[in-house]
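Read the single chain below, which is given as structure tokens and is the form predicted alone.
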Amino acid sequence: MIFTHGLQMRAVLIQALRTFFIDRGYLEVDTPIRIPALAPEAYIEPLTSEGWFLQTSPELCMKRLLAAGIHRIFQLCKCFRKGERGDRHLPEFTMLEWYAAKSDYRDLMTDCEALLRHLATAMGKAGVLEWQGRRIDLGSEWERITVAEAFQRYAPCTVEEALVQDRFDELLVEYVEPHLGMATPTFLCDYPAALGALARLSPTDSAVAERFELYVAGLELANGFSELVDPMEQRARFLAEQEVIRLRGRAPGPLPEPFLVELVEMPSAAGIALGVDRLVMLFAGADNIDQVVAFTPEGL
């Protein structure tokens, strides 16, 4: 069933997204969705296509454009992740990513605040979102809380204990996320270094990475970080992640060698991925992701 209201809201929102970035001097880019190698991620299983992969994110190609000298870019594209299906998940979904040279994750948080306020104006929401019975004030100061503080406040153990028990994601979803973004949006900041992914470590505390996730009414919207631009450290992290993938019973794909080679040319930068379907859910007041896409996998 096609939900006309959700699709109309989606069209307006996507145009407003483009306007936001174009007005700020970002170049819209379009990179391939079928690529020979991905950034290895133990908790994300990719879909294959004739020996290559459907992208889980356009991240690697976009960073190669940064390395080539294009320093403010954004992209709206399709991404794919095997086995992800639920009220808030689709195996094929729409992602917004943007990257800026000479920026860090604090700049991205400022971008997020400006973006959602811009969208609220464009969608006639007057700076307030109402979703799942919650009123979220976009105009007030947004909450910023570290992962360590959030686990101390809401979880039954510390973040260090959660990592040792290999229960970080489980405890985050069950105990922490339901408290985030309930009055204003929340930035969950400073992830443990072990969960740094492609983020650089903090220069003042090497135990944490300069990474955050953005939450509204308990819904995770975006994942951003100050980019790691050291190719040797990035290779080491990729190899460690490949080993975790093997321990989980899967065969890791090849390393993205062109990305690692070109990373040496990449300037200091920050980048973020934001789920467009979930963003539309918030503005449309939809309680299921199926209501804001033209077709679900089951309907094809």
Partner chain sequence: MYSASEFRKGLKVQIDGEPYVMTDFSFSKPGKGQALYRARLRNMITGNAFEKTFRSNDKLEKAALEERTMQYLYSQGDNYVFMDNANYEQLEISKEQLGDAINFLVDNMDVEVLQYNGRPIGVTLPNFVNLKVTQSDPWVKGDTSGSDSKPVTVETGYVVQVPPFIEEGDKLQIDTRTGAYVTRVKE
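Values in this document were obtained by computation on a predicted structure and should not be read as measured data. Residue numbers count along the first chain shown, from 1.
Beyond what is shown, the protein has a form predicted in complex with the partner chain; the following relates to that form.
Should P203 be classed as touching the partner chain in the predicted bound form when contacts are defined as heavy atoms within 4.5 Å?
P203: no contact with the partner chain in the predicted bound form.
Do E41 and the partner chain share at least one heavy atom pair within 4.5 Å in the predicted bound form?
The answer is yes: E41 has a heavy atom within 4.5 Å of the partner chain.
So in the predicted bound form, is the partner chain close enough to D137 to count as touching (4.5 Å, heavy atoms)?
Contact check for D137: no, nothing within 4.5 Å of the partner chain in the predicted bound form.
Is E141 close enough to the partner chain in the predicted bound form to count, meaning some heavy atom within 4.5 Å?
No - in the predicted bound form, heavy atoms of E141 and the partner chain never come within 4.5 Å of each other.
Tell me, please, which stretch of 78-86, 119-127, 101-109, 149-157 lies within 4.5 angstroms of the partner chain in the predicted bound form when heavy atoms are compared?
Residues of 78-86 come within 4.5 Å of the partner.
Between L115, C189, L96, L172, only one gets a heavy atom within 4.5 angstroms of the partner chain in the predicted bound form; which residue is that?
Selected option: L172.
Can you list, in sequence order, the residues from 230-253 that come within 4.5 Å of the partner chain in the predicted bound form, counting heavy atoms only?
Contacting residue: only R248.
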